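Shown next as structure tokens: one chain only, the form predicted on its own.
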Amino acid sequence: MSSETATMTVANAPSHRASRIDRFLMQGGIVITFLVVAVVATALIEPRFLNRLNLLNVMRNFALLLIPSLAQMLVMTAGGFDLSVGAVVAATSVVTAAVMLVGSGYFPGMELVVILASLVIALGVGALVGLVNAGLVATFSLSPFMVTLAMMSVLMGIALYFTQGIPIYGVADSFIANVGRGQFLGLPIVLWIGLAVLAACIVMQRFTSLGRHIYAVGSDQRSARLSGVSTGRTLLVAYMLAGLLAALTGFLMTSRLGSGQSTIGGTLALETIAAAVIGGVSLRGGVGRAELVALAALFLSVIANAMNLVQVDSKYQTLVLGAVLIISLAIERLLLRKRQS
């Protein structure tokens, strides 16, 4: 090798390293780095973090953030937003508890029937909300932001009016014990449910026509329509799936809390958007991977748990969440510029 060639090789080495780092960051390295740093830092600062009971708590909270974050991912990948996610969770929590309370009177000793009935009705409410959101967005070409913001206001108003801000008790004991607090192979039941939803989303995105259509509609709705994709139907399915997943979250949260509460989910819209953005979902649509959103949800759950362990005031926790979201948006913008250059 000549001296000139050797000099060029040495000179190009830093640029090769930089390109490898850029590829790593673009392919999900940001959220992986965030997660590793958060886990290591929390474990060093607060030894209680690695306590088994605390880790179980982190896993439960992770699952209850993962499912609605996947719902948000589906809508954002299709080019929309769903600010009503938290309100659907609250409304279906109230519906779940109310059905159990009333059903236990009509079907005494038949808790399984009552639990399944509450699940079906809660999912029906979530699907209906998704249907209305999609209808307004697709049929009337309204802004997803404004439509789901209005839906959030409507649902929160209904839930608060129905409950007067008072939790609804009467939730089946077996539901709380087996779902909210239950474990299988040493892991919480809600975590297994969350992982099953994650697996289904990964399969849908990678191996089904629906997944490809959602990406196509989010990338360019006009081009997707010209390619033969039914954009209206795709948006309908995306929003309905989001409503179903949000309803499932409300159902599971009721098992965790032991009551139906109209006040839960107040910050869930922000949290799910943060998880989606940190996980690499584009605000412009057409880009998003379920596994990276899951890592982002785990990162946010670790951060929330760390702040609780060191007794950070809840007001400052919201501030930290907003700061993390802003940083993630800035990093996404920088990577997009590098990708286009």
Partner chain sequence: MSMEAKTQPMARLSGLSLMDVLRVARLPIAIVVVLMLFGLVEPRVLSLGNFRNIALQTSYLAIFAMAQTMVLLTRGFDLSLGYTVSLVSVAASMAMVAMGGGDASILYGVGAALLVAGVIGLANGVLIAGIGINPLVTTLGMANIVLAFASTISGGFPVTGLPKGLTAEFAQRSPLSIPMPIWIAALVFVLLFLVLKATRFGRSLYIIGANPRAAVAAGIRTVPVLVAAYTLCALLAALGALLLTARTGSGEPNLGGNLTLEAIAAAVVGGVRLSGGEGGVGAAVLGALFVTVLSNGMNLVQIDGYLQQICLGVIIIVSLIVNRDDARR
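None of the values given here were measured: they were computed from a predicted structure. Residue numbers count along the first chain shown, from 1.
The same protein also exists as the form predicted together with the partner chain; that form is not shown, yet it is the one meant from here on.
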Since only the chain is shown here, I'm wondering whether I273 would be in contact with the partner chain in the predicted bound form (any heavy atom pair within 4.5 Å).
yes
Quick one: does G182 come within 4.5 Å of the partner chain in the predicted bound form, counting heavy atoms only?
no
Please check if A43 has a heavy atom lying within 4.5 Å of any heavy atom of the partner chain in the predicted bound form.
no
Taking any heavy atom pair closer than or equal to 4.5 Å as contact, tell me whether L283 reaches the partner chain in the predicted bound form.
yes
Exactly one of L160, V229, L101, M240 has a non-hydrogen atom within 4.5 Å of the partner chain in the predicted bound form; which residue is it?
L160
The single option of L149, A117, L191, I176 touching the partner chain in the predicted bound form, heavy atom within 4.5 Å:
L149
Spot the stretch among 219-227, 106-114, 204-212, 132-140 with residues whose non-hydrogen atoms come within 4.5 Å of the partner chain in the predicted bound form.
132-140
Out of 224-263, which residues reach within 4.5 Å of the partner chain in the predicted bound form, heavy atoms considered?
none
